[in-house]
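In the block that follows, a single chain appears as structure tokens, in the form predicted on its own.
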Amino acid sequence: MGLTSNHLRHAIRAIQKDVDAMGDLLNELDAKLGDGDLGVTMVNGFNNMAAIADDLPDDFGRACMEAAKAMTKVSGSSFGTLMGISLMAVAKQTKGEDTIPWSRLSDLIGTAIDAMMERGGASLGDKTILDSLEAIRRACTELDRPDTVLSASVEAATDALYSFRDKPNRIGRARIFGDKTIGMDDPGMVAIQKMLQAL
């Protein structure tokens, strides 16, 4: 058994269940480094995706595309846009497939990272969600069971968050604060950790 649309439906519902509390924390963190709207993006995006979760097709690629549309429909923020772009990139790679081997997950995460780097202009090492996703991609390489994939992903996201805490943000609005961002968590990296913990 591999990754299916049922897993996507479950993930959306699990995160949406915790998204209000998550949103408050992320708004607070984002207010220190950005526009203060990351939590709003998460709440609106996951509420909208949850509203269509039951109707997502079994074709995993098409399901990812529908989820991307639901996210971007209610979000004008950079985080929402990047989430949509990542889902669309995965959708193109998996269109027509109902089941994706877990061993392909690291490659799909890599596809999402490449798409976000091309659109957003960030690089690995800039202290963004890309660094969390790259850590997860490496941790999931060659794993082929959902339980080990999830535990490895949570650990990788947490380790990335901690390892980048004492580095400055190098892109986006946060970069204007320079070395003042040392010792502060990147809100997007926190969002990745919290979403995985919700699963």
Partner chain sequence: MKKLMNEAVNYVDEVLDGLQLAHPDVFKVDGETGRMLRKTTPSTGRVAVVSGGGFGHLPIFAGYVGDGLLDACAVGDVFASPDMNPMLEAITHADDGNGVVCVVGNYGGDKMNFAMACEMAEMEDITAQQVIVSDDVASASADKAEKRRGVAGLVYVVKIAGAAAAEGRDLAAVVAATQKAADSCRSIGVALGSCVVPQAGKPTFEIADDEMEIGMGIHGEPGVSRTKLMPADALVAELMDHVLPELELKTGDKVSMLVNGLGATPNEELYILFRAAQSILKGKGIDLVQPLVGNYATSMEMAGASITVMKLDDDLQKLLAAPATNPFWKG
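Numbering follows the first chain given and starts at 1. Everything quoted here is computed from the prediction, not taken from an experiment.
Another form, the form predicted together with its partner chain, is not on view; read the next lines as being about it.
**Q** Would all three of Ser106, Ala112 and Arg137 be in contact with its partner chain in the predicted bound form, where contact means some heavy atom lies within 4.5 Å?
**A** Answer is no for this spot.
**Q** Examine Gly61 and determine whether its closest non-hydrogen atom to its partner chain in the predicted bound form is within 4.5 angstroms.
**A** Yes - in the predicted bound form, heavy atoms of Gly61 and its partner chain come within 4.5 Å of each other.
**Q** Report whether the minimum heavy atom distance between Lys167 and its partner chain in the predicted bound form is within 4.5 Å.
**A** Taking the distances in the predicted bound form, the answer for Lys167 is no, it never comes within 4.5 Å of its partner chain.
**Q** Looking at the partner-bound form in the predicted bound form, is Ala68 within 4.5 Å of its partner chain by any heavy atom?
**A** Yes, Ala68 sits close enough to its partner chain in the predicted bound form that at least one of its heavy atoms falls within 4.5 Å.
**Q** In the predicted bound form, does Thr99 come within 4.5 Å of its partner chain, counting heavy atoms only?
**A** So Thr99 does not count as contacting its partner chain.
**Q** For the heavy atom contacts within 4.5 Å of its partner chain in the predicted bound form, list the residues of 101-133 involved, in sequence order.
**A** Arg119, Gly120, in sequence order.
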